[in-house]
Structures are given as C-alpha cells and as structure tokens.
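Presented as structure tokens, the chain that follows is alone, the form predicted on its own.
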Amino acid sequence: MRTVTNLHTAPRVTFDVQKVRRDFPILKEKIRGRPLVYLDNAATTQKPQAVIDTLTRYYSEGNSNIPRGVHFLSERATRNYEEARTTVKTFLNAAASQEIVFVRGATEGINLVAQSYGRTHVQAGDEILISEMEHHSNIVPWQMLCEEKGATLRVIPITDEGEIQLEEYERLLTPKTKLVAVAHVSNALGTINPIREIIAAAHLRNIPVLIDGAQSAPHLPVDVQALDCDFYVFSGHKLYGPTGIGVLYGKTRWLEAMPPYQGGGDMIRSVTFEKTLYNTLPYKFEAGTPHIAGGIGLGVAIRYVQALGLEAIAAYEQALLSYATEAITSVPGVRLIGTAKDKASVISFVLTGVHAHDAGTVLDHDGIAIRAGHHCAQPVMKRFGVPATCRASLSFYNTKEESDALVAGLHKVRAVFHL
C-alpha cells in the first residue's frame, strides 16, 4: 500500500469536488437556516444517491431472504449479496472471497476474533498487545478476553506527537504475545500507523496481527496481501455505505482453524441432536439472516469510491487536510492534539478557555457539524491531559470553503466566550 507521507508533499491532482458533492443529497440541507458544513466523517460518512437508491430498490422491488430460496427474488438477492462480497474481496485484494466475512461493523469483527481466535489460542499468562491510541472497540474486547483467560493486556506507548514508539513496540513483543491488534489510522489523532513495520516485526516472531481499518479503508488504498496482515476489519457506514454492515477479512488458515462465533441458521451444514457440522467459509461465521440490503449497499458504495479512485481521494484529502490544518491553527488559542508526520484527514484540537462541547454547540448554531468529546478513545485523552477535543474530520466531498467556515465559527466561539 502506498502511504501518503507529508502534508507539504502531497501530489497535486484534479478532483471535481463540486461534481462529487452533487451525488450526496444531504449536503444540500440547511441546519438552523445555514448550509450544512459536515465535518464529522470519522464518526460516519454521508451516503451517495447510488447507495440510497440501492437500499430503496431492494426493499421496494427485491426484498427476499437468502441463500436457500429457489424462487426468483431469493436467487437474485443471493447473487447481488455475493457479488458485494466479491467487490469487497477486490477492494482489499484478498486472496479469495471466502476470506471476507460480513459482520455488523468493525466492532463486531474485532469481537469475533477476540471470542473465536482468542478463546482458542490465549491462555493464562499470555499477552495481547495493543497501542495507546486505540478506539474503545479495540480495547474492551481484549480486556474481556484477558480477564476471562487470566492473560495480560500490554500497551504500546505513543509519543507527544501521537506516533507509536516502534522501539518500545519491539521490546514488548515476547514469546508470551499471542496477538497484536492496532489501528491503521487513529480516529482521535489522525495518525497513520506504520503497519507494514508493525506486522513484519510481529511475524518474525510468528505472532498474528489484527488491523482496525475503520478509519483507513475510506481514505487510503488497502492491500491485505501486500500488508500481510492476518485480520483486517472495517465498517460500511464510514465508507459511504449503510449502517449495520461491516467486514472482517481473515487469512483462510486462521478462519478455518477458528470455531464459530455464533450458532444458528446458515452457519451449519447439518444439525442433529447429537452433532452439528459447520458450514464452509465464510458462512461458518455468518449465523442468521444477514443485513442483506446493507451488504448490497456496501458493494455499491465501494464501487462508487473505486470509480473516484483511492489514490485521487487520498491526494485530494491530503491537500485539504494541509489547508484546513494551517487555517485552524491560525485561530488564537487553538492547540492541535496529534501532530504526527503521517496523518489522515482528522484534525483534533482544543481551544484554550472553552470546553469542546461548548465549542461544538456554538458551531452547530451555524450549521457546522464537528465531533466534540473523547471520541471513544479515553486513554488518548488521558495521554494528552485533556478531557475532550474538538474533531474536524474531512472527506473527499468537503471543500476549502468549509474549512474557512469552520475557522470563522471558531472566531465566533472566541467572541461568545469573550476570549
């Protein structure tokens, strides 16, 4: 995977953002009489009309359960759902479609690995290694597993800039380490972690690695074979797709060795009261009726992003990030939280004298949507000594003018609080 490196060396590209914006109907909305400035993309992204139309069409013209139906609607829904799986496989460059498991989101994907791989391979005295910048979804499942098994959760420290300390990471890798689980991109800091190096160091010791790709899949090209990660998770709703759908990629050898996460329909080949035989991959991990419309909608969202081009998206967003960062830091009293050299389009900051929630409330009155709080990353807030931050997270449909609107809004915040 090519990583965009420096804010000041991002390549110049032609990207028709106004044309793209016309594909997203919600961007025409007004909030409190003001044009919507949506800068909360790390929480969830807006949906292009193609995805919205797909969901409407499925429920109005094609609703049916999968996969055992012999009637037309069921056969068509099954075909469309499995085509979406193939789309995800291509998007991640997985070796086979059987390595793509549909789940509800990145959170469920991590929990699946924790409960299935973890319960099988982690024993008392073992260690699981995560980083100090993780989202709660990549902390709590491992805490629960460690408590159950008598294992220990070890934490890779980060620098004042918000970068993983690689030397400390390698020191923490020991024969006791049974899994490394780290974010590709920090949702709270925007840091792009050096996951190639992280994976390679773990693999030298035969330790598998899970990558939380919730914040990277929408912004960067991802090639799971080139990265050689063992597991990779992401959420559809952060990738311009529906909520309630996500993906767990796992190498075949791991998934085949792991027991099912849940029991029920479709994860079986045969059931008697004496014995159950489980289904093949990936269906062994997909118990019950799935989010069929969500899976199909995710396929459409991915094809939409692929048509724009992940390289073009990354370059445009890096240029926008550079512009917005310079503009926001020009506001008196602003302090950035997270200044890593390699960043994705997240700007986390505090404004001296104003709580993040108060700043977010004032901005909302001007139609500007940011996230204010701990961003489900309370250990990050503790590391930087702040209760919360303001977070502006950018997408390819955002513009420089919206960054200017945010800056104007921050000056208004200062005026409201007499700063």
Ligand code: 7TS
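When you see a residue number, it is the position in the sequence shown, counting from 1. Model, not experiment: these values are computed from the prediction.
Missing here is the form predicted in complex with the named molecule; even so, the following discussion is about that form.
In the predicted complex, residue 47 stays away from the named molecule, with no heavy atom inside 4.5 Å. At a distance threshold of 4.5 angstroms between non-hydrogen atoms, residue 343 is out of contact with the named molecule in the predicted complex. The named molecule in the predicted complex comes within 4.5 Å of no heavy atom belonging to residue 260. Shown alone here, residue 217 lies farther than 4.5 Å from the named molecule in the predicted complex, counting heavy atoms only. Of the listed positions (185, 112, 229, 129), a single one reaches within 4.5 angstroms of the named molecule by any non-hydrogen atom in the predicted complex, namely 185.
Note on contacts: among 27, 386, 43, 52, the single residue with a heavy atom within 4.5 Å of the named molecule in the predicted complex is 43. Comment: 131 to 139 is the region of 329 to 337, 170 to 178, 131 to 139, 219 to 227 lying near the named molecule in the predicted complex, near meaning a non-hydrogen atom within 4.5 Å.
Using a 4.5 angstroms heavy atom cutoff to the named molecule in the predicted complex, none of 89, 196 and 252 count as contacting. Residues 105, 106, 107 of 77 to 110 are found to place at least one heavy atom within 4.5 Å of the named molecule in the predicted complex.
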